[in-house]
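In the form predicted alone, a lone chain appears below as structure tokens.
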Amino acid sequence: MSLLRKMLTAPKGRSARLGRVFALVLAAGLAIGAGNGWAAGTVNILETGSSLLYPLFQLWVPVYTRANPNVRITPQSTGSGTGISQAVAGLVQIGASDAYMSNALMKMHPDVLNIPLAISMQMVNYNLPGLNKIHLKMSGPVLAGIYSGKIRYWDDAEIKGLNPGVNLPHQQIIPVHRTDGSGDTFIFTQYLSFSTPSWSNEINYGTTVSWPAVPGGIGAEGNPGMVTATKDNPYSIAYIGTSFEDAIVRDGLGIALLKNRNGNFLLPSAKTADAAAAVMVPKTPKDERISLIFAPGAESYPIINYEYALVKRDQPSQEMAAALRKFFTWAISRTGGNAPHFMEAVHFVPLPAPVVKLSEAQIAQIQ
């Protein structure tokens, strides 16, 4: 404030008056900043993207910033597609995504790192009056049939064949899909593609796909929108990330048993996610871009994936680079963001030790 005092007491004259006006504006700005809880030296980090990862960031941010008051992290739930596009464009510091960047996109943006922060799962949920407490069995080919419009009714022979003895109604199925660019769509359509050749040949997978026009089908935005659409539409079916499992249970919706590569039907759980991870982790490359979907193994849940932070290797300042390295190092630590109470709250599983080492190596590249 000594500089400010000199400016206010400078000799009179037009330039002096302008200097005093500038000083008053500066003083007002500092006062407003102080009132909003920031000060010189604060690093502001903007995170946007995955609605599946967003609940975890909501838990992380208050804890981390309380211990690191010079860092402000603002998370936004906009969908993985937006997280990817804004990260590569440099509009945000962290793009959150359930999907890794494609080879084509990496060739265009080789300076972007894909850093796993945790492992998540995806559920298949339904609103089937009177049957939501039953874990119906579903397979990739049956789900592909539903989302392509080839299977139209709940009592279709293919669904009944997976669920003998269940009194399925003759009601039209309402498939719910994401309308935004979505990592959830990416991993769900990978499950369909890897298990069903016809889906792979006709539609394939991606954060956005050309959904077949299915009578009665509806679209929703983000995982919260998928939960609401399923709750509000009896006889609907949807794919939703496990960070919203508490909402699914609260709303009384069904959770399906999914058929894995070995032919077994499994629920998403820490045990079945760990089993799939044990098979796929040794295959993880140094850049950590890999699909974990439809892993082999008797107890492997078929839809697990790395939750990615997309971040540019070269940052505009040393302060930002250091802040990002410190935050990510905390986020992947078993005593930090991967601690059991964080993981269990969103039904994720922590990164295995070999993946932590790979992520640490990538984090060290941020400069």
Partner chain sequence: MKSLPRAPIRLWSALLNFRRLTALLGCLVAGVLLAIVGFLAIYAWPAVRLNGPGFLYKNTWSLGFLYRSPITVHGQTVLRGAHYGILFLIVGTLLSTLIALLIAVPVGVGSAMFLAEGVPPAMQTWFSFFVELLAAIPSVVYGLWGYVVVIPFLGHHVFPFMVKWLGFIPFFGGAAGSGYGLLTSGFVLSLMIVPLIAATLRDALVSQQAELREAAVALGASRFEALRTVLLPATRRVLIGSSILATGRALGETMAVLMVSGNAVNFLPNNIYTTISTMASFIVSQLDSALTDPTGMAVRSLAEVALVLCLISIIVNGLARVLLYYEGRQNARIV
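Please read all numbers here as calculations on a predicted model, not as lab measurements. Residue numbers count along the first chain shown, from 1.
There is another form of the same protein, the form predicted together with its partner chain; it is not shown, and what comes next is about it.
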Which of 156-164, 85-93, 129-137, 253-261 lines the interface with its partner chain in the predicted complex (heavy atom within 4.5 Å): 85-93
All three of A104, S200 and A213 touching its partner chain in the predicted complex at 4.5 Å, heavy atom to heavy atom? yes
Consider the chain as shown here, without its partner, and state which of G149, P141, G181, G297 has a heavy atom within 4.5 Å of its partner chain in the predicted complex. G181
Pick from T207, N125, Q122, T272: which residue has any heavy atom within 4.5 angstroms of its partner chain in the predicted complex? T207
Although its partner chain is absent from this view, report whether G145 comes within 4.5 Å of it in the predicted complex, heavy atoms only. no
Does A99 reach its partner chain in the predicted complex if we count a contact as any heavy atom within 4.5 Å? yes
With the partner left out of view, is I218 within 4.5 angstroms of its partner chain in the predicted complex by any non-hydrogen atom? yes
Decide whether F186 counts as a contact residue for its partner chain in the predicted complex under a heavy atom distance cut-off of 4.5 Å. yes
